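Okay, here we've got a single chain as structure tokens, the form predicted alone, with questions on binding and movement later.
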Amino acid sequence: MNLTLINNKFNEKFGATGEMFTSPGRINLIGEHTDYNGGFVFPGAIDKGMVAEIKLNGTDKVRAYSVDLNDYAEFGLNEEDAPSQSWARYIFGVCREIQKRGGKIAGFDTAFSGDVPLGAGMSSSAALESTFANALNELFSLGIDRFELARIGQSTEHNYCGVKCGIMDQFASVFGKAGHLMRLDCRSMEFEYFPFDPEQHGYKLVLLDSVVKHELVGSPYNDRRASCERVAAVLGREFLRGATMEDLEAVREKISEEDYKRARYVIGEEQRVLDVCEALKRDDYETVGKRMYETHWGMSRDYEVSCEELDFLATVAEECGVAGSRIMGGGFGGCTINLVRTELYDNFIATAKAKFAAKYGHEPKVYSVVISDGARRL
């Protein structure tokens, strides 16, 4: 991240120097489509994020400059002051959500920039929300706890950006810890850190971005969520969380084949998250990788949220001897996340680029990631 560029732009726009704050994007190693089923997710913050320079300006107006978009917005702090630019609505939403919780804030100047790849499923929006929630909490001495900072980001998405997201992205951005992943229980909101340092054990973590986003007719996420809710109801549960394969087999005749497959994936995925946590306690990265492949093919065949390009990348990974590979995120495009032995890394990247380009006419983008700290002042 080019801090000097942000500082220069801030000075150019506002004739002053402010304080720097940052929050990261995130990966999710395993635990996909489990959040709305009351299950576990297993994210980590990454070494790519958002940085904002901020200075209180003594007015009731926010003056914001996006360095990356070269765009400026100015807005007040009342509900009717919502800016028209979508990027500025994230900052406005954070301000409003803090105010709704009784936080007293006032106007400020800010310039910000990010290096989270857009559209790759690494949660650039959560990084932006967490940066401003944490910064305003510190600058105005509001005393908001970190979980509430994450909820402020989530509420911003719901109420100002039209996205009904879960809590994982903002949670990971706020609570991130270098060298650790976090197992979050989406039912109780309890979490635990697990050491994760692949490089120390001879592995690298790399994302391959297919640069593909399939538009699907209807609402595929809502359809899958409804499938899970139907099976949970037949099982007499609020969520699929805690159901076993035996429970599912016992009601198989009472549910559709499609609902059965959706539930089979989710129940299996909950167990895979727990398996990966246990494997990491033993520094057993091979088991971690095996579970990643199981997640990929479960998402592809049972949950049906993959696409041809992502299946192709996972297959190339298997052929190259990569320890683990899977779709990361909701599906239908985006990235695979890959756990690769260091000595196989160069060959895998070269092979994946060449084979993908030969088949689809463009290379996948390559992002190596390191697990890093969460929201903080620089």
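Predicted, not measured: the structure shown is a model, and the values here were computed from it. Residue numbers run from 1 along the displayed sequence.
The same protein has a further form, the form predicted in complex with a small molecule, not shown here; the description that follows concerns it.
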Exercise for the section: Sort through 93, 298, 121, 198 and report the residue having a heavy atom within 4.5 Å of the small molecule in the model of the complex. Expected result: 121
Completion exercise
Among 68, 343, 319, 60, just one has a heavy atom within 4.5 Å of the small molecule in the model of the complex, namely 68
Problem - Close approach of residue 52 to the small molecule in the model of the complex, 4.5 Å, heavy atom - result: no
Exercise for the section: Find out whether any non-hydrogen atom of residue 87 is located within 4.5 angstroms of the small molecule in the model of the complex, and reply yes or no. Expected result: yes
Problem - residue 128: touches the small molecule in the model of the complex, heavy atom cutoff 4.5 angstroms - result: yes
Practice task
Answer for residue 160 alone: is it within 4.5 Å of the small molecule in the model of the complex, judged on heavy atom distances?
Solution key: no
Practice task
Tell me the stretch among 145 to 153, 111 to 119, 273 to 281, 183 to 191 that has any heavy atom within 4.5 angstroms of the small molecule in the model of the complex.
Solution key: 111 to 119
